[in-house]
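As a starting point, one isolated chain is supplied in structure tokens, in the form predicted on its own.
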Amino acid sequence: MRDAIARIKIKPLSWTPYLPPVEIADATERQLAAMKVTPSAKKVSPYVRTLVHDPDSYVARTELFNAIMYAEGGLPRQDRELGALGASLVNGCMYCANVHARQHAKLSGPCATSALYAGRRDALSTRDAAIMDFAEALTMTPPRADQSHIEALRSEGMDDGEIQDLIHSIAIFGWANRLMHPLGHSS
């Protein structure tokens, strides 16, 4: 059964904005400079081009995002991605859930994310289950995270700094998902 779960493929989704994104050819110098803060070396997405209508807030948002998700040291990146995935699933942001599921699978293998998409929570490692439980409890409105969640993370070897990193990755996606929803939709 574990092999069948690992073979689930999570295909990329696209995101379509409701507002017209900034066209690169028409971008102001400030907008072009702001788009250089984007961590992707591939292309500037429609989402980025939608947010860059306000270049100053885009830069502030992106610098914070980069500091949380791509920080050196602390909580391993795959755990940050799993926290972001948990928040995005609770918030119903399928685009972000898809992106972070694929990033988590790329960093740690497909088993955990495939298990989640297959509805097989029982197939998660105890560490991944503790992260998902905490991400879901922290993302609920009002949050339901409590000391038992912190103790579960500690029992999986996380120190206070790593737990803080996880809180940041979950919390920024509580906000990011709510920013993405009114600006467009995924398909």
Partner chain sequence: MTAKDAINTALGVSSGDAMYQLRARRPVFVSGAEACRAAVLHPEDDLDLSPDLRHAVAHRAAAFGANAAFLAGYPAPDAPEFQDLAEGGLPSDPGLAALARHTDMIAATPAKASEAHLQDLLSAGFSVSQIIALSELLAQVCFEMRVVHGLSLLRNNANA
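Worth saying up front: this structure is predicted, and the values here are computed from it rather than measured. Between two forms, the rigid core is defined as the largest C-alpha subset superposing within 1.5 Å. Residue numbers count along the first chain shown, from 1.
Not on display, but discussed next: the form predicted in complex with the partner chain.
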query	finding
Proximity of D54 to the partner chain in the predicted bound form, heavy atoms at 4.5 Å	yes
The partner chain contact at V37 in the predicted bound form, heavy atom, 4.5 Å	no
Any non-hydrogen atom of R127 within 4.5 angstroms of the partner chain in the predicted bound form	no
Contact label in the predicted bound form: S14 to the partner chain, heavy atom within 4.5 Å	no
Heavy atom within 4.5 Å of the partner chain in the predicted bound form - the one residue of A123, L64, L32, A118 that qualifies	L64
Within 91-130, the residues that have a heavy atom no more than 4.5 Å from the partner chain in the predicted bound form	N91, G92
Per-residue C-alpha change between this form and the one not shown, I172, threshold 2 Å, rigid core fit	no
Rigid core fit then D56 CA moved by 2 Å or more between this form and the one not shown	yes
